[in-house]
Structures are given as C-alpha cells and as structure tokens.
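Just the one chain here, laid out as structure tokens, in the form predicted alone.
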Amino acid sequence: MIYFITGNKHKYIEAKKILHEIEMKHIPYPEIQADSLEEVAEFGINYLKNKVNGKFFLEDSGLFINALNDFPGVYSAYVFKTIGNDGILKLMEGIDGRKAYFKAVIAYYDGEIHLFKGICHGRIAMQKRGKGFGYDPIFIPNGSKKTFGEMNKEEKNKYSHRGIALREFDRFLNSQ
C-alpha cells in the first residue's frame, strides 16, 4: 500500500482511477513559497518522511498563464482561494493571448525521492463552464472544446497534467 498524502478528495479520486493500490492519508504539511513546483514537492517529502510509516507520495500543481508571465504558477492554490476563477477571468479581460498550461509534480518517497511531472497545454476560457474543482471550469486543454469542468473524470485524466504525471508514476511502480 502506498499513501497519497492529501486533504483533497478530488485529487485522490482522480489518482485512484490510475493507481488502484493507494490510500488517502491527510497529514497537513507546510507548503513553502518557492520558485518551482519541484522545490515545493521536495520540501513536503522532506517534512513528512519521518512522520509517515511506509511509502507515500504527494502532488503539487499549478496553472501557468503565458500572458500573465506564468502567474499564478506556484501560487495557484493561494490565488484560487483569494480571487478564484472570477478574479483570473477579470485579469484576462481584454487579453487575446489566452495560452496557459497546467503542471503537476508528484513526489514519491520510498527511502529516496522520485519526481514525476505532467504538463497539459491549453487556454483560458472566456467564461466559467462546467463544475470541477479549482481552475477546471476555466481551462480548455489543447485538442478539446470542453473545459476540464465539463469533462468526466476519465475524460479529464486523458488530458490532465495530473493524469500524465500519475501514468508516469504508475509506469515507474510497475517497473519495480
């Protein structure tokens, strides 16, 4: 059994569709403000490695909007809590270039740290569409007309940054 350290049930449900032998464990840990998701994830692993009995992983992700100099990026969770999707759409008013990407970093600890990354390129919608969590209702992945918020979990996992990172992680686990 591998523990997924998260308090986010939605992330756990997404991960469970790809990694069947996992169990959600909620252990709060500090998220540092850093220049990269990799630094945030590695800090989390180092903080938790003596607090979790067994193998575990965590995931950090962010939305990077080209026209906003990759904002909100590593600050995505804080920005979402502060201004939400409406605030992002307000910042994007009058901006034609709507390219963006989601990036996920999974950090796995089995006595050493392993990182797995996934990137999903797309664009910011003109308005919120669908449900989902976080920025899902405003992000349209390349190759789709739907936002993540309009997709079911299986469809979203085909495109999503988290799905890409989880499949890379799954390949690693199956090669062990």
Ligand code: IMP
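In case it trips you up, residue 1 is the first one in the sequence shown, and so on. Only a predicted model underlies this, so the values are computations on that prediction, with no experimental measurement involved.
This protein has a second form, the form predicted together with inosinic acid (IMP), left out of what is shown; the following refers to that one.
Screening E150, E31, D70, E39 for any heavy atom within 4.5 Å of inosinic acid (IMP) in the predicted bound form leaves a single hit, E31.
Partner contact region in the predicted bound form: 57-65, out of 122-130, 57-65, 107-115, 44-52, criterion any non-hydrogen atom within 4.5 Å of inosinic acid (IMP). Mapping the unseen interface onto this chain, F80 counts among the residues with a heavy atom inside 4.5 Å of inosinic acid (IMP) in the predicted bound form. Contact annotation: K11 falls within 4.5 Å of inosinic acid (IMP) in the predicted bound form, judged by heavy atom distances. Taking inosinic acid (IMP) as positioned in the predicted bound form, the residues of 126-145 that bring a heavy atom within 4.5 Å of it are, in sequence order, F133, G134, Y135, D136.
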